[in-house]
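A lone chain, given as structure tokens: the form predicted on its own.
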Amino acid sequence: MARIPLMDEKDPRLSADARAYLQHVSQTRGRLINIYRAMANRPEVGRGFSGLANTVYRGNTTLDPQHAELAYLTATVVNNCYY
């Protein structure tokens, strides 16, 4: 059981802000993974995280997307961060 509830975009009780956040993530990322469903509990945090990720990993860079992903994955493995 998750300690942080995972929000379901189809739940009619979902707040309008959380629903808008999940729809935006789904459209821009192509799919919803659980980290985004968890962050939908606080959509403003999710938006901040997305802004950080876009700046750091997808922002103004000279790296090709494939090389940027390789650098990201390498840092993940080196730091034992597998989620």
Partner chain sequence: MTEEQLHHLNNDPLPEGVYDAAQAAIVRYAQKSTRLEPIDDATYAALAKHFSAPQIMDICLTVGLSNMVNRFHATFLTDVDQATIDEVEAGDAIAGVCAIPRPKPPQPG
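C-alpha atoms forming the largest set that superposes within 1.5 Å between two forms make up the rigid core. Note that this is a predicted model, so its numbers are computed, not measured. Residue numbers count along the first chain shown, from 1.
Omitted here: the form predicted in complex with its partner chain. The next part is about that form.
Although the partner is absent from this view, Q27 stays clear of its partner chain in the model of the complex, with no non-hydrogen atom inside 4.5 angstroms.
Contact between D17 and its partner chain in the model of the complex is not found at the 4.5 Å heavy atom cutoff. Proximity of R13 to its partner chain in the model of the complex: non-hydrogen atoms within 4.5 Å are absent; the residue sits far from the partner. Shown alone here, Q23 lies farther than 4.5 Å from its partner chain in the model of the complex, counting heavy atoms only.
Contact residues in stretch 64-80 (any heavy atom within 4.5 Å of its partner chain, taken in the model of the complex) are Q66, H67, A68, E69, L70, A71, Y72, L73, T74, A75, T76, V77, V78, N79, N80. The rigid-core alignment places the CA of A20 less than 2 Å apart between the shown form and the other one. When two forms of a protein are overlaid on their rigid core, residues whose CA moves 2 Å or more are considered shifted, and D11 is not one of them between the shown form and the other one.
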